[in-house]
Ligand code: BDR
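In structure tokens, one chain follows: the form predicted on its own.
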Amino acid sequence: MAQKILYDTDPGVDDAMALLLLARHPEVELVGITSVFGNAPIETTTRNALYLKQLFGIAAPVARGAAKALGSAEMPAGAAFVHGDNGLGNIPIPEVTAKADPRPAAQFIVDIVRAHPGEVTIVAVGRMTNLAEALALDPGIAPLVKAVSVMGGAFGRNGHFGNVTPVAEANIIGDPVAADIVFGARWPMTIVGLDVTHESVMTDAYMRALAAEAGTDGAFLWEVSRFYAGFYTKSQQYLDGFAVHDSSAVAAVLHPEFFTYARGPVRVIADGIASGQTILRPEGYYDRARDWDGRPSCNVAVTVDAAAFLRFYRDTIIDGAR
């Protein structure tokens, strides 16, 4: 039976790559896509989500989400230096005719979960604002969600740290208050952070092979990833290729065996020099700090079988193109 997945996203090059993985996987039923600010302003990320829905032939509706962080008056500018001015690596984007669902993302999330209790997995790969707003709108949805898989955070494992500050990853520091709310909700939570996403790298050779074997999908992946790969080269993070962030959160749903996990409640620092830091208190760890007490344990990915994950991505895209 296909897994019902709601994809919360800020497309974004790696978001687009993860959405294609979801769209082509035979055991996934996309029940909705919600946009959020992040890699670009909300107008751009929503347009991109609608464009990708159109391009990939996705039937699921797209709902426009939050434009800024909880309690913030600031309208974020995005990350054009990583994802290009249009959020999709500056590839040409034709006229978008697909229309957004009239409901705001928070209401859309509530409605989808209520319509399919115990069946919907949320894959969230941007700021957690939409999820926090949905919980505020209807706290009763948390136990009705099958699972949540988040791309975000950095826990200092495997020599990897934050990508905005030494302790903070972009999705979390973009709305740390929302992230703390989401990690404290009583739904099954998996957090896939930089500790493992930086362990999986799509090289130029990998992408060229995918482009050659996966038809129009492969050609799209090659084109959309060129600006993104250039960022990683210029920033000297990788000489050849780029880290695979958002698709890792998808893989954690479809193949959790690719990862190993630490368990425990997670808190997010909301301000100061450590704003956006994600801190795990391992299960069974005793201390006198009470800030983690009463919060549910999360699964935090700490290792990944990168070779298996990259084979899975490649095979899914190629098989979907046949």
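Note that residue numbering begins at 1 and tracks the sequence as displayed. Quick caveat, the model's predicted, so the values are computed rather than measured.
Omitted from view is the form predicted in complex with the named molecule, to which the following refers.
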Judged by heavy atoms and a 4.5 Å cut-off, are 39, 163 and 170 together in contact with the named molecule in the predicted complex?
yes
Using 4.5 Å between non-hydrogen atoms, is residue 125 touching the named molecule in the predicted complex?
yes
Contact between residue 179 and the named molecule in the predicted complex at 4.5 Å, heavy atoms?
no
Quick one: is residue 246 in contact with the named molecule in the predicted complex, heavy atoms, 4.5 Å cut-off?
yes
Taking heavy atoms and a 4.5 Å cut-off, does residue 151 contact the named molecule in the predicted complex?
yes
Which of 194, 250, 145, 105 has a heavy atom within 4.5 Å of the named molecule in the predicted complex?
194
For the chain seen here without its partner, which of 183-191, 170-178, 89-97, 134-142 has a heavy atom within 4.5 Å of the named molecule in the predicted complex?
170-178
Can you name the residues of 1-36 that have a heavy atom within 4.5 Å of the named molecule in the predicted complex?
10, 14, 15
